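Subsequent text provides C-alpha cells for two forms of one protein chain, presented individually as structure 1 and structure 2.
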Structure 1
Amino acid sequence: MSVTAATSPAVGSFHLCRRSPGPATIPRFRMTVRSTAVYLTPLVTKLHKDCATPLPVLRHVADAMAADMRAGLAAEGGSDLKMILSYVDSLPTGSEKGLFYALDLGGTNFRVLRVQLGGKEERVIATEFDQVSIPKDLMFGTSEELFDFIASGLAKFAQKEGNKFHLPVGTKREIGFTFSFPVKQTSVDSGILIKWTKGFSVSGTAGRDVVACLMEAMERLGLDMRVSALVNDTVGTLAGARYWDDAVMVAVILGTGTNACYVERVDAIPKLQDHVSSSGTTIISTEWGAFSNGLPLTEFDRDMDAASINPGEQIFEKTIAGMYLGEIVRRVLLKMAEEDALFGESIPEKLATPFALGTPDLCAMQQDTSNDLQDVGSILYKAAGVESNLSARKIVVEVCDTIVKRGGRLAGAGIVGILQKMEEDSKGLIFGKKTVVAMDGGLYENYPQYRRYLREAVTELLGDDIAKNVVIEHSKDGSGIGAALLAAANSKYRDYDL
C-alpha cells in the first residue's frame, strides 16, 4: 500500500471526506489506491512530509556520509563517524585450518559457535552453535555479571564438544570474540569499550579492555582458552563473506543496531601512524550509527532520543535500526490516539508504554494482505492493548510503512555513501566491476519491505547501469564463522601442522 504515488487519478486520488464510522473526529483526506482506501489525517500527511526521502535527500545523505568518513579518517574525533581501525589487515583466504571458537555478544542474543576448518579443499568440515537471549537485567547490571554470564555460556558449550572436532595436542582452544559495540581497538586481540549502545548500560566496562574483562571471567571459572581476535560484528561478517567471495568489499549489519565496515587503503588513512599492513589495506569499522548529518527527523524521533539512555547519540541508528522502528511507530500512534482518537476514546496503558511495539510487530502487520487486516488488529491488541476498526488499521499500516520506508531508504543512501568514497579513491575498482555488500542482522533478514526500500534507494542513487554491479547479499550468520576465521588467521599456533 503506497500513498506517495498519487500521479494518476486512476491509481490514486485525494478526496476530502468527513469521517464516516471511524473513531476520529476530524476531517480527513482519503486517498484511494486501487481497492484500498487510506484516511490521510493531518497527522499522517505531516508524517509523510517529515519522513520524505526524495532523491535530493538521499543524495545529501550519501555525500555527507562520504565526507564524514573522510573527516573521521583524517583525525581522531574529526567527525561523528569514529572510523575505527580493526587491525584486521588480511581477510580469510580459504586456507585456514583447525578448531576455532567464536563468541558473539550482539544486541539481543549471545551466541557461541565452534568450527572445524579444513583448508582450501575441505573448507568448513563441521560447525555447531548455541544461542541464548541476553537477560534484560544483565543489560543494566555490572560488568562482572555480564562477562560471568558469557564465560559460563562458553564453558557449558565447550564441554559438549563432540568427536567431529579436533584440537592438536599442546594447544589451547582459541576464540574469535565478536563484540558488537564501539570499541577502540588497541590490537587485533584487545580493545577498549568507548560506550555502550542498543540500550545496554552495564557499569564498569566503558574505558576497559573487553578482552581482559572476558579473560578475568574465564579465569574465575577456570576456563583455559585464548582470545586471539576481537572483532566488531561488521568485521566478522566481512571476513565470513569474503571466505566465499573475493568481491566482498563492504559489510553492513541491520539488526537491533547498525554499523558498516569496508576495506580501506592504508595510505588513505591520514590519522594512521606507524601502522604497517602487508596487504596495503585494512578494515575500517565506520560506526555509522553515530551519523546525523541532514537526516529527515520528526518530533517523534526527537522525543524518543531525548528519553533514551544516550540522548544526542546514535541518531542514524535510532532512525534506521530494529531497536527503534517499533518505538517510533508507537509514539506516532500514541499521538494519533490522543489527538484523533484513532482507537476510540480511551488510551490503553500499554500503548503509552515505551517499546511496547517491536519492529517484528511492524513487520508482521505489513505482511497482512487480508481485506479486514485481521492480523494487524490482533497484533495491535496483543502488543499495544488497543481495539481497532478497519480504517484505524489502515492508518497503522501506513504509519509503519512510512517509518520503515524512511529507514530502508536512508540505509541504502548510507551504503552508497561508503561505495562512493571508495570509488573516488580508486576509480573504476568499485563501480566498474562486481562489488558485493554483505548484509546481516534480523531487520535486513526478516523485513522484506525494508530490504526492498533499501535496494530501491541504492538503484535510484547509482542509476541502473552502476547499480547492476553492486550486489547486496545476505550473508547469514557470517559474523560467527568470520570471527572464527579471524581467530585462525591470528592463531598463536598458525605454523603448527594441523
Structure 2
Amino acid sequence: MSVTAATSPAVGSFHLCRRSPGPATIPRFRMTVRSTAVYLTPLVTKLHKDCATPLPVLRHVADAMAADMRAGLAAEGGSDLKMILSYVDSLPTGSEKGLFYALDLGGTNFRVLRVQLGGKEERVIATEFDQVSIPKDLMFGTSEELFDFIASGLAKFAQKEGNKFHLPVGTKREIGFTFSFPVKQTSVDSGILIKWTKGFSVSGTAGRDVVACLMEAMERLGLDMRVSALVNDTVGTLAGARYWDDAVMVAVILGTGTNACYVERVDAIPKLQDHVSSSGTTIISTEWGAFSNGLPLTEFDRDMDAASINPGEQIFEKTIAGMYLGEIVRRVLLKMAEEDALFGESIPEKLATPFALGTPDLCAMQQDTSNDLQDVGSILYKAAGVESNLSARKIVVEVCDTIVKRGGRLAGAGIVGILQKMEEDSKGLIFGKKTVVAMDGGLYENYPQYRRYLREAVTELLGDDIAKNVVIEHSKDGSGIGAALLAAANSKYRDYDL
C-alpha cells in the first residue's frame, strides 16, 4: 500500500490533535458545534448537499465495494481494487513459542522490535523496541546503502538482547518484515518492489525482492537472521489483533492514508492458481484507497485531485484519509473567503497555500467547547493566517464537521462492504456470531467525531441486531508486534517442540 503524496509518511501516521497554547484545561470532547446562530451561506448549503451520505448512498457504496472486491479477486486488473495476495495462510493462534524480531519500514524512521512468546499459558513474556531515523541522504541513495544502514540498526538492537530473551537451542533468529511500500508479493517471505513512495527515491531496488535486499545486507554484516514473513502494516495489524482474539476477520488502517485487509477463503479467489493453503484461507490486502464507485464528491475534491501527483487515482483515500481532509476544508474556506468575504476583505497568502490546514487542525477545532470558540480562532490564525469573528468560526467548524462526517461515514460503508462480501460467500460466518474489525491509525484513534460517524454508519447499514455482533476495536500499534507474530506463525521451526 502506498500513501499518494509526495512527502507523506507511513499510512498509520497521524499525530494528536494540536491545540493552541494557553492555560492548562481539562480536555472536554463534543461531537459537533451546532448553533441556530450559524448563518448557512449558499456555499455551505451546497456543501451539505454534495457531501450528504444518507442510507441509500451508504448502501450503494457498500454494495459497490463488495462487487469491486469480487472483480479484483477474479482477475488481475479486474477492478480498481488490486486485491493483493499476502500469502499469509498461517495466522497466530497463541501457541507460538520462542524469540522473534520485527522490522517496520514505512517512512522516515524504521522500528525494530523483539518479543519472547511463551505459548498459550504465558503468551507475550517480554517485548522491547527501538526506533531509528533514516538520514535524508539515504532516502535518495543506493539500495545497498539503505539496506546496509537498516541491517546495521537491526544488528545493534540485537546486540542489546537482555536476559529476558532467549533463543531456543538449534534455531536462528527470525524476523517479520513490515514493508509499507508498493510490493508485488510472490510468497509469504518475498516480494518485488514496484516503486518507492513517501519521499524515497532509492536506486537499484525497483524490480528486486526487498527481502533478498535485506538478507544480503545482513550477510554483509555477518548477522545471522532469517526473514520468515513479509507483510504490509494492515496485514500486521490483523495478525497482531488475531493473536488475542480469533474473532478478528478484518483490519483497517485510517491514518495519513488508508487500507483494509481481511481473511479470505482460498477457493473464493479465482485468480489464485497453484497455491495450496493448509488453512484454506489467506489474507487479502484490498488496497481500497483506489475505490471510486458512487462516492459523493464536490468541486473541491475534484480540484484537489486534479492538482495532486496522481490525478484520477486513490479517490476513496482522498475522501476519507487524514492526508486530505484538512486540504478539502482549506479549499472550501478559500472559496468562501473569495466569494462571501468570510474573513473580511483580504485573503491571506497562507490560506491559499495547499495543505496549510491539516487534519489535526480540524480535530482540534472540533474539540473547542468555549463560547467564543477561542481555539478555533487561534488555529485559523496560526495555520491559515486569518482573523475571524465568532460567526465565521461557527461556519468553519460546520465545514469541518461536514467533511469529516462524510469521510467517517464512507469509511464505515467500506467496512460493511467487506463484511457483506464475506457473509455472502459463507452465510453466518460474519453476521451470525461475533466478528471483530481491528482498527489502527491516528485518524481513527485521535478524532472522536470521525470515529463516531464511522460507527454510526456501520450500525445504520447493518441494523441494530446484526451490528451488535460486529465489534470495531482499536488495535494500537498492532502492526509491529503483528509482524513478529507472523514470523512466529510462519517459522520454519513451528513444528518443533521448543
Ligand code: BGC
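When a residue number appears, read it as a position in the sequence of structure 1, where counting begins at 1. Heads up, when I say rigid core I mean the largest set of C-alphas that superpose within 1.5 Å between the two forms. Computed from a prediction, not measured in an experiment: that's the story for all the values here.
A.B. asks: Which number goes with the form predicted together with the named molecule?
C.D. replies: Of the two, structure 1 is the form predicted together with the named molecule.
A.B. asks: Can a Cα shift of no less than 2 Å be assigned to P168 between structures 1 and 2, given superposition on the rigid core?
C.D. replies: The answer is yes; the displacement is at least 2 Å.
A.B. asks: After a rigid core superposition, would you say the CA of G428 moves by 2 angstroms or more between structures 1 and 2, or not?
C.D. replies: Comparing forms between structures 1 and 2, the G428 CA shifts below 2 Å.
A.B. asks: Please work out, using C-alpha superpositions, how far the smaller rigid part turns between structures 1 and 2, and give the answer in whole degrees.
C.D. replies: 17 degrees is the angle the smaller part turns through.
A.B. asks: Report, in Å with one decimal, the C-alpha displacement of K136 between structures 1 and 2 after core superposition.
C.D. replies: Superposing on the rigid core gives a C-alpha shift of 8.6 Å for K136.
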